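One chain is shown next in structure tokens, namely the form predicted on its own.
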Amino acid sequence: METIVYAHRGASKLAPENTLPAFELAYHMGADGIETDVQLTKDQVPVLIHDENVRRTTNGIGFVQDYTFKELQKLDAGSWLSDRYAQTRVPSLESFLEWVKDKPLKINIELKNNVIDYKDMEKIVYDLLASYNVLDRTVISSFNSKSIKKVEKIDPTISKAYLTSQKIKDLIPFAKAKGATGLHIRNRILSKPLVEKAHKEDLYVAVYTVNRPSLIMRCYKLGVDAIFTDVPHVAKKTLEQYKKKQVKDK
């Protein structure tokens, strides 16, 4: 099976991360899917922003959870990268689903609940995904293993991935015990034995965040199931080079 290329927070090297312009650009670059992060506002609206604090990617200050969605919409989430994206807004998960519903894109929703344990986040996000009929092409991921377990109880059939940046002893049985169907690992802990062992245990493997062609190529050679990249156009070009080399070597 061909490795899936997810645009990490959209085409986030070229457009403001986790915004509709970044998603749109990734789509036109040929990404197979979109990876995005969800936090909850004060009024429990799921919004797409990586950090718990709005300071890094908007002109505001303070925590997402202390803003209502209406208040959050007053912030500029694009000027930090380029004046071209001035007045870009922090999108809601619903606006993203409205955008993606008719596009042939896979979806990875990372629940950002490993720092702040948002009440009922799993159910709120799941219900919204269900209402847009995208559950069959969505993966829900989290660094919070308890959250994965909660999603498992809501729907055992949806794809769920445990995220980790650390070499953890007994990682595969640990992830499976939480109901995970996949492992999302940092590129520095990627190894051939880990991929092979995960596959034997019916877990898929995805690697984040790979931007250099050499690292992307290594992922393809080791047979990972998916990668997350800020430069989906580079990943797709590298994939074509990999496929040509495979044909040549036959």
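Everything numeric in this text was worked out from a predicted model, so none of it was measured. We number the residues from 1 along the sequence you see.
Omitted here: the form predicted together with a small molecule. The next part is about that form.
Partner proximity in the predicted complex, defined as non-hydrogen atoms within 4.5 angstroms of the small molecule, places exactly one of 214-222, 29-37, 62-70, 196-204 at the interface: 29-37.
Though the partner is left out of this view, residue 228 does reach within 4.5 Å of the small molecule in the predicted complex, counting heavy atoms only.
Contact check for residue 112: a non-hydrogen atom falls within 4.5 Å of the small molecule in the predicted complex. Although the partner is absent here, residue 126 lies well away from the small molecule in the predicted complex, with no heavy atom inside 4.5 Å. When the small molecule is considered in the predicted complex, residue 100 lies well away from it, no heavy atom lying within 4.5 Å. Of the candidates 81, 93, 139, 163, 163 is the one whose heavy atoms come within 4.5 Å of the small molecule in the predicted complex; the others do not. For the three marked residues, 13, 57 and 85, no heavy atom of any sits within 4.5 Å of the small molecule in the predicted complex.
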